[in-house]
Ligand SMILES: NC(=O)c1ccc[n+]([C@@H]2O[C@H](COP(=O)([O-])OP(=O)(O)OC[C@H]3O[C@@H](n4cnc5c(N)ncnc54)[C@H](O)[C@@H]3O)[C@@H](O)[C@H]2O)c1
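Shown below, as C-alpha cells, is a lone chain in the form predicted alone; questions about how it binds or moves come after it.
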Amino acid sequence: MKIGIIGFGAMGKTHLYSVKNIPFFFNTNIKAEVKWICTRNIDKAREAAQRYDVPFYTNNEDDVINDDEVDIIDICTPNNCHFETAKKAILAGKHVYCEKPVGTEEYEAEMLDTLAHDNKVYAQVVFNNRFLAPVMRAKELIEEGYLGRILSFSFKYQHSSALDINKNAGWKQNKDICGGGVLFDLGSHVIDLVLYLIDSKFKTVFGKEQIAFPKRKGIDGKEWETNADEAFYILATLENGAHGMIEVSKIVTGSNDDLTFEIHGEEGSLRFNLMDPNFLEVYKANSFDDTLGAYKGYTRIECVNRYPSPGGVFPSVKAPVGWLRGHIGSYFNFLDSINKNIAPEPSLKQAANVHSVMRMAYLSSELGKEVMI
C-alpha cells in the first residue's frame, strides 16, 4: 500500500515513523510505504522527503490525491482543512487516515462516513490512545464485567502549553482554524475514551469553558484576543446511568502530557496515568479482607508491551514503554560522533572497566571474601 501524507508537522512525522516501524512491532506481511510528503512550504516538503527517504514531495495536495499509485491519504493538516481534503480523497477512491477531529462541524464527519461507504473505501480517525496496552486491558476487564455496573468516572487531560502568553499562539489555539479550543484538541481524545471504554452514549452534559489569558501574542506575534477555550470542564451523565467529570486544560502548571482516568463500578475500579504508561491499576471490591487489610487495595497490572497477536513480538512483551528510545538515542550518539569525528562513548575502555568489575565479582564469590579491584 502506498501512502501520501498531507501536512507534515509533529503528527505528520509521527505517522511516518509509525508506518516505517510497523514491520518491527507486528508479525505481519502487510507492506506499506509513504510515497508522498505534502506540506504548504515546498522547501520544508523537500527537506522532509530527503531526510526521511520519501520519493516524492509537493505543496499541492491534488498531486498526491490524483496519483493512481496512492492507496491511502493520511491527513495531518489543521482541523478546518480535514473535511475538504478527506472528501476529495474519498471521491478519488482513496482510503483515509485522518487526525482528530475529522472537521469543525458534526455534519462533516457524518457526510464523510456516508461518502466512504458509497465509494467502498475505508476511513479511520486517529484516536490513538485506544491502542495503549493499559487502555486495551481496561476495555477487556470492563467487557468481562470486572467493575460490575459502572457508577462514576473521571477523565482528565492536562497540558501546560498555553501558560506562556509571550509565546506565539499556535493554530490549535485559534477557533477560526481549529473549530474550538482545548475541547476540540485534548477533549476529543477524552470523550472518545469515555465512549470506547464505558460503551454508553452521553445523556446529559454541563460544560464550562475557561479563558485564563484573554490577551496574548497571536500566530503573527502581534497582540491577539484569545478566541478559543484554554480549559474546559464537563459534568456528564451517560445513558447507562453513570455520572462523571471531564477536565481538559492547557493551563495546568507542572503538567506534561497528563492523561488520566478513573472508572468506578459496584464491584471494582480501575485507573490509569499516561505518565506511568506501563501499568493499569485495578481494585476488586470483594478482595479478602481482615483487620490488617489483607489483600484490599489497588493492584498494578504490568501491561508494558503486552499486545494481542500479531503484536507484542518486538521489542518484547516484558519491555517497558520507552525502552526503545534508549536504543534509538544510543545509535544516534554513535553515528553523530562519527559524523563529528570524535570518539564515541561508552567506549571500549569503559566496557573493559565494566568487565574488570564483573571478573573480580566472580573471584570474590569464588573465594568467599572481599577482594580489591
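Start at 1 with the first residue shown and count on from there. As the structure is a computational prediction, the values presented were derived from the model and not from experiment.
The following text describes the form predicted in complex with the named molecule, which does not appear among the structures shown.
Heavy atoms within 4.5 Å of the named molecule in the predicted complex are found in one stretch of 108-116, 92-100, 130-138, 283-291, which is 92-100.
The single contact residue among 251, 169, 236, 126, judged by any heavy atom lying within 4.5 Å of the named molecule in the predicted complex, is 126. Scanning 78, 180, 265, 277 against the named molecule in the predicted complex with a 4.5 Å heavy atom cut-off leaves one residue, 78.
Shown here without its partner, the chain carries 205, 211 and 247, none of which come within 4.5 Å of the named molecule in the predicted complex through any heavy atom.
Under a 4.5 angstroms non-hydrogen atom cutoff, the named molecule in the predicted complex lacks residue 51 among its neighbouring residues. In the predicted complex, no heavy atom of residue 229 sits within 4.5 Å of the named molecule.
In the predicted complex, residue 23 stays away from the named molecule, with no heavy atom inside 4.5 Å.
Under a 4.5 angstroms non-hydrogen atom cutoff, the named molecule in the predicted complex lacks residue 216 among its neighbouring residues. In the predicted complex, 185, 189 are the residues of 180-210 with at least one heavy atom within 4.5 Å of the named molecule, listed from first to last.
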